[in-house]
Every structure is written in C-alpha cells, then in structure tokens.
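Here's a solo chain for you in structure tokens, the form predicted on its own.
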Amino acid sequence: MKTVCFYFQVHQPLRLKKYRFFSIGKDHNYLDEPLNRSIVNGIATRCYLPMNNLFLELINAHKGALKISFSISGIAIEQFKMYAPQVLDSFKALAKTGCVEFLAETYSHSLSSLINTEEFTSDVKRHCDLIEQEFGQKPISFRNTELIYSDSIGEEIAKMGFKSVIAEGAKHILGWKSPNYVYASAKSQKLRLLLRNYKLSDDISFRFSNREWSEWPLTADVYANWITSETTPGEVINLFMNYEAFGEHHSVDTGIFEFMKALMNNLAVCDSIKLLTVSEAAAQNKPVAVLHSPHAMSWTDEERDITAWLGNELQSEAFSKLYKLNDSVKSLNDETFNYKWRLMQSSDHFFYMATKWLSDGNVHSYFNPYDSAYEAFIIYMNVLSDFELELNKAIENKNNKTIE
C-alpha cells in the first residue's frame, strides 16, 4: 500500500510601497497597505475560502480517510487577521477535524537558516507559538522557507526537536534514488526526510491549465492511475505545492476545483492508497537510506538551489546589509524595530530582485509587483537605509538615558 501525502504552502508577503530616496529620514511607514489588503482579499475569494470549504466537505464525507498538511507563514496569518478573518476561521475549522496538520516554518518566511542560526531558531519558535495559539497544535514536522534544506540546516532543525522535515526531491541530490521513499538526514539521522515528487506535483500546480501540455486536459482518473500504477514505484508519494495554484494560478474556469474534488474522492476510497499527514507519513514509513545534501537546495527554479534569492550582486548586497543590522536590532530589543526587522527578512523581497531569464524569468516576473529587479532593489535599499537611520537614533537615545 502506498502513502500519498498532500502538503500546501500558504504565504502572502507584506509588500513594500514605492519608497523613494527623498522619503529617507521622513517616512517610516514602509508597507503598501492598500495593495496588501487588495491581494489578500482577492486570493481569499478565489482560492483560500473555496478550497478550504472543499477540503472540509471532503474530510467530513470520508470520515478520517482523507488527511492533508499545511504550512502558513506568520506574515500570512497576520494579514488574515487584519484583512480576511474569515480565512483564518476556515483554517481553524479544518484544524478541528483532526485530519489536518499544520507544520512549523519561519514566521517571517525568511532566509535566516542560510546565515544566522540564532535568528533562524527564534523565528521558528515564534511561528510554533503562533500555530499552537491559533490552531491548538504543537508542530512536530518542519518545512523551511521555499523548502530550503541542507545537511547543516537539517542538523539545526533536529536540535529544535522536530521529528521530520520536507524538502525537494532534487535530481542533483538524489542521483539515481527515488523521491518516493522516506530518508534520514545526514547529520541527524533520527530526523526523517520527505521529498517532493516535483514531476507529479508540478503536473497540478504548474501544468494543469496549459493547453500546450501533452497531457492536457488532465483528468482525476488519469492522475490517480499515475500514482497507483507500477510506473510510479515507491512507498510515499509526496505532492507538495503552493495553495494559490487553486483558483489563483489556475482559475476556476479551468476545472481545477472539480479536478481536486474528484481526485481526492478517488484516492480516499482506493484500497491501495493511504492519505496521511506529513508527520504520519514520516512515522509510518522507515527511512531506506541516508540522504546527503552538502549544499542548500530548494523547490524553486530549474536549478533547485538558492539562486532565486541570492543569485546576483543586487540580492547579495541587500541580504548582507540586512543581516549586518542583526546585532543592533537585538541590542535595542524594541518591539517596533523587531517587527520591521522581521518583515524585511521575508524571502520575497530578494526574489523580486532576481535577474533570471527564460522560463524562470517568467515565473519571477509573474510574482513581482515592481517593474524590474532594479526597482525592487532600489526600493528595498531605501527602506533599509531609513530603518538603519532610525535604529541608530533609537540606540543612541537608549544609551543616553542609560548614562543619565
């Protein structure tokens, strides 16, 4: 019997407004609130609410046979509270079924795991506290921002007490191995790895509505047969994707909702399939081997590495300047500055600065609220300059009060 594990990422960044050079030192409000509100409400209507309602209906109908997993960034939950509380309520309704697991991740959807272990650990703890507060679950499985994973990151995840972690089934890491098994982390072998089957995942999340795709139009029966047939060997089929694929990237008129309903109904009653959460899949299937990932991989772009965020000089300069402020922010320990510091860490800011071409470039352009990578860089650096000025002033004032 095969295990099928569905996991969905839910994240919406807090987008910066068009912050100009002449605003530095004068304007300390960095966010484009009207844009953020509009985007969250739009995606709530097209994706989050209808998909959550669909899953709630399916879970209730199949009485424990259908299980799924989510991770929701802290930044996304903040925006649901501000702009679309009905979305948060719908996720809470799913949590109450006992068939939905909420994974831990970085609160800020940050890249801190690549540069600062202390900040990484702090950001994850903040997120775990939020998940327990909102959904009544203490996460035992982890997903890093954009599935970024390496042996050293796995070691830190294990130190935090997590039992399993999800990552990309990247060819350059797997080699001849299959992603359809559970693996053990190289440096902490009690930590179990579930790897995304990117071919089957992307057939839904990217290719479903592509009329030039050889398999279009994809039906639930065909897809279910791909999973159950001997042409897809293995023990655990991990289907990991962005939740916004449903209703947002593939609009309702593509038939994506009907497809998912039929697919889930099909799999839930299939005698050769178990639908499990991430933690259940990791616990019920023994690792077949140790997997080594000496360099960081991710689920983004053709390279499946970290070049989507740190692949050019613009990104490297912005990233370096941001984390040089870490010690100053920590020494001040002021909640207003801590909050702004966290929102500036979101990986999306660096993603917008990518200068890739061809198919990867098209993906970056689709998600970019700016006219170019260079505009994204300039606006981010302007905001960071103002933040640094205000941070230094606050530290100076604090030191003066201490002397007095």
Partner chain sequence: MKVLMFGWEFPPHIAGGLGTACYGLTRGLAKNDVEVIFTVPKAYGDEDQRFTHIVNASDVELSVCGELSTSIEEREFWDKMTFIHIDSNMVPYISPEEFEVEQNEYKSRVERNEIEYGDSDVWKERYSFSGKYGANLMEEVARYAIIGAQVAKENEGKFDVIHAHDWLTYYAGIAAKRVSGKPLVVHMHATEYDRSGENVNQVVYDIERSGMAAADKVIAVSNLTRKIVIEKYNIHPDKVVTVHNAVRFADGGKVFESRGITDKIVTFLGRITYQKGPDYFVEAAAKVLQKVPNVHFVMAGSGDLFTHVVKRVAKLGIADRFHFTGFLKGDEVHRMFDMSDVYVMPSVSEPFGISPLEAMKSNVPVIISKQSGVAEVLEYALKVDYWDVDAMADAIYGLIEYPALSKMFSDKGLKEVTNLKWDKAAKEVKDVYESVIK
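Note that the structure is predicted; figures quoted are calculated from it, not measured. Residue numbers count along the first chain shown, from 1.
Although not depicted, the form predicted in complex with its partner chain is the subject of the following passage.
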request  = State yes or no: in the model of the complex, is some non-hydrogen atom of Lys63 no more than 4.5 angstroms from a non-hydrogen atom of its partner chain?
outcome  = no
request  = Would you please decide whether Ala394 lies within 4.5 angstroms of its partner chain in the model of the complex, comparing each non-hydrogen atom pair?
outcome  = no
request  = Check whether Lys324 has any heavy atom within 4.5 Å of a heavy atom of its partner chain in the model of the complex, and answer yes or no.
outcome  = yes
ask   = Is there a non-hydrogen atom of Tyr374 within 4.5 angstroms of a non-hydrogen atom of its partner chain in the model of the complex?
value = yes
ask   = Among Glu303, Asp129, Glu317, Asp202, which has any heavy atom within 4.5 Å of its partner chain in the model of the complex?
value = Glu317
ask   = Using a 4.5 Å heavy atom cut-off, which stretch among 226 to 234, 208 to 216, 194 to 202, 309 to 317 contacts its partner chain in the model of the complex?
value = 309 to 317
key: Interface residues of 11 to 27 toward its partner chain, as seen in the model of the complex [heavy atoms, 4.5 Å]   = Arg20, Phe21, Phe22, Ile24, Gly25, Lys26
